[in-house]
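Only one chain is shown below, in structure tokens, and it's the form predicted alone.
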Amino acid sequence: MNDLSQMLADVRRGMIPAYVYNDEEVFKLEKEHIFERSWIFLAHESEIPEPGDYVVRRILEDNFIVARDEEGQVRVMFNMCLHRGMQICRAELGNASHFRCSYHGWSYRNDGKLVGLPFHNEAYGGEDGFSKSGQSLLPAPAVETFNGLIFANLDPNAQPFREFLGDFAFYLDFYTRQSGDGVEVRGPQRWRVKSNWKIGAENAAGDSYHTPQTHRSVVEIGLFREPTGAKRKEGALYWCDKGGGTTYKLPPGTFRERLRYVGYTDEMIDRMESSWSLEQKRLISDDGFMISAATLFPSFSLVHNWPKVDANADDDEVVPFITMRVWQPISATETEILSWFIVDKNATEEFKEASYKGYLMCFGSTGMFEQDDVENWVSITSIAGGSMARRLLLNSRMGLTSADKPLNTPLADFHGPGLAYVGYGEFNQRALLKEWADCIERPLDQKEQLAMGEKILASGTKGREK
């Protein structure tokens, strides 16, 4: 790898060393400095609605059982037996009051507590040789929920999630709080692509510039009401704390008229109107912007769109859908994508099915947008692995003058938090990569590593003493 300080300096000025999208040394730094210290999305509470429900999810190589225990509490537990380290739960989802290790038969309740140990007296001399009391599966160091979204952090000294999320919560509500009862999810669909994880995260964070080219065929076949992909430049790009995204510019109208334009029904609009703040509603009614794609650093992205689901329907009939996804790195050159469909829990079954169809058409594993995007991402990753890529700085300075001044001034009357610009620009990609560079640069010094280790040991001791 080239000089680290120079690489980070280049990234911060918007000139990206091409090799960062295909370099194992860079990926090693990302694992240690980003994914072992950041808030990573694992699951949604609607995936585990009843006591005993569970799903199994990963943060890199660390495998977790996300379960709802018998008391209704959400638990995130490291999926490794305390005895010889076997993976305890080998199914991806299900319902269980207990988990039993297939190696030696140790069993645990769905709150993680060890309750069964075969031949306890014969093998250990009973409680005297090994006390089952207080022994539990290792919990994730930090777990938080927001609007039903379950996040975990491998750093026991992690910044509190709400502090980390900051004002990006304002935008996250549009996707995940459309009524008082919240949303439900389907999925995840899961597939792997030969692409570096950062490319997809950047794309969702703010790349409206690629739509007229990459997705030209999708526009030309009439999947969307807008006649050209170039309409994307009328939307606003916003960045707020640890996340940012894109918006569409809507035709003139009231809050209700604009939500009807993107396909929401009156009863759904009623729930949105009662669930969102005045400023959130004014982003639509006064500013005329509808949220589209977004990314929360480092690897959680969302998309909102409204295609024509029924080819035989009236030209103006569209159905909105929302999807969220995690970019799960496998290596520097491979990413596992986990993709969920989101919908208002109180929507009609007819709406849910039509919306799900729109999601599958566009951003499911075989969706039209998905296929367009992945072809680009795989190509970038592949060609970034050669020797010439180590000589090339990719220009990610769109929207800036040579003096680092924005071509356009930020919107002064934008009703959302953060900075927002109208037109094409790479403000959000630069912001995302600046956050990336800051994390890479922040050292894991000996004192911090020691504190992390002590906290992990303490959490294990606490579990044993219960």
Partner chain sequence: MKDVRLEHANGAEEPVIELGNEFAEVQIRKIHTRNGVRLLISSPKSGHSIALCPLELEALTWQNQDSLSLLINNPYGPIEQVQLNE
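What you see is a predicted model, and the numbers here were worked out from it, not measured in a lab. Residue numbers count along the first chain shown, from 1.
One more form of this protein, predicted together with the partner chain, exists but is not displayed; see below.
- Screening W39, F64, F427, Y54 for any heavy atom within 4.5 Å of the partner chain in the predicted bound form leaves a single hit, Y54.
- The partner is absent here; in the predicted bound form, the one residue of Q73, T348, S379, N121 having a heavy atom within 4.5 Å of the partner chain is N121.
- Shown alone here, N147 lies farther than 4.5 Å from the partner chain in the predicted bound form, counting heavy atoms only.
- Shown alone here, I88 lies within 4.5 Å of the partner chain in the predicted bound form, counting heavy atoms only.
- Contact annotation: V115 falls within 4.5 Å of the partner chain in the predicted bound form, judged by heavy atom distances.
- The closest non-hydrogen atom of R109 lies within 4.5 Å of the partner chain in the predicted bound form.
- From the list 268 to 276, 385 to 393, 95 to 103, 161 to 169, the contact stretch for the partner chain in the predicted bound form under a 4.5 Å heavy atom rule is 95 to 103.
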